[in-house]
Ligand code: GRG
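Only one chain is shown below, in structure tokens, and it's the form predicted alone.
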Amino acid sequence: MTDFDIKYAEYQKIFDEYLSNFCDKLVCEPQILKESLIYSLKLGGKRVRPVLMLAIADLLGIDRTSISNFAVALELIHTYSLIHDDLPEMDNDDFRRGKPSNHKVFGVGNAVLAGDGLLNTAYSILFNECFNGNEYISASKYICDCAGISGMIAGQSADLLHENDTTVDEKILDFIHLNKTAKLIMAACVTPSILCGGKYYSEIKTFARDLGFLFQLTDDILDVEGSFENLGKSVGKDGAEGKYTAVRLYGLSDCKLRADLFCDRCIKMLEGLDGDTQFLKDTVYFVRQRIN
């Protein structure tokens, strides 16, 4: 294992302990609701967003415990979005991370409620954090804005609206990539900066935005070149369903070049920050080279 692999696994373990503690204390009825929430939360995944939040917190010298609840709330929001994304009315995917999607296990109605429950619970966690001071209020609001109608939900709506458009407009594509994908990555990275009085706020926000675009570009590439074995979900669906993707607009080769460009931009932004940014740089390369 490389130093990056070891450090990434360390961050994953730290967050998984936060998440396990949350799941152990979760109280809700009926039992099927609790089971459906925990099912999707524990499907695994790379935990990119909480790992980024922990890494930025370390860079800025913030106590990890101060961002633990924010990390859990953000992962709840991300997981709710995946449950709803897989629904027949959305992307209609029967698998997530190599296992049956929530609606295939618990039914469509329960899957909708599980997603709603995760979002509502995430907001409750963020509301509780607001009692800790003004920075916590600002951080909570930032996450809510990134997840809501000025963020992820807007991007998902635009993605559905422009499905099967005969042409792809770059401005619309950028809007989808920014809001559907980049905004939650920005929430992960910017939250520690807000809690640290706005240290490197603009730089970290720009870095996270570009990393979000890079993440979505690699997603679009993997939908063409990836495999179910690596991705744990169906491939080729974006093209078959006429989705708004970078591959449709730029072509596969130019999409890869564009991903390289965003990768370079992320690295250059990190080079302007004080402190040890090597793990974050390696994370950028990890996102660019990922196969799942």
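If you're wondering where the values come from, they're calculated on a predicted model, not measured in any experiment. All residue numbers are counted from 1 along the displayed sequence.
Note that the form predicted together with the ligand isn't included here; everything after this is about it.
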item	value
Among the candidates 196, 111, 152, 173, the residue which, in the model of the complex, approaches the ligand to within 4.5 Å (heavy atoms)	152
265, 49, 248, 258 - the one with a heavy atom within 4.5 Å of the ligand in the model of the complex	49
Heavy atom contact within 4.5 Å of the ligand in the model of the complex, the stretch among 199 to 207, 133 to 141, 153 to 161, 102 to 110	153 to 161
Partner proximity in the model of the complex: residue 81 to the ligand, non-hydrogen atom cutoff 4.5 Å	yes
The ligand contact in the model of the complex: residue 181, any heavy atom under 4.5 Å	yes
Contact of residue 226 with the ligand in the model of the complex (heavy atom, 4.5 Å)	no
Contact flag, residue 129 vs the ligand in the model of the complex, heavy atom cut 4.5 Å	no
Heavy atom within 4.5 Å of the ligand in the model of the complex - qualifying residues of 254 to 292	290
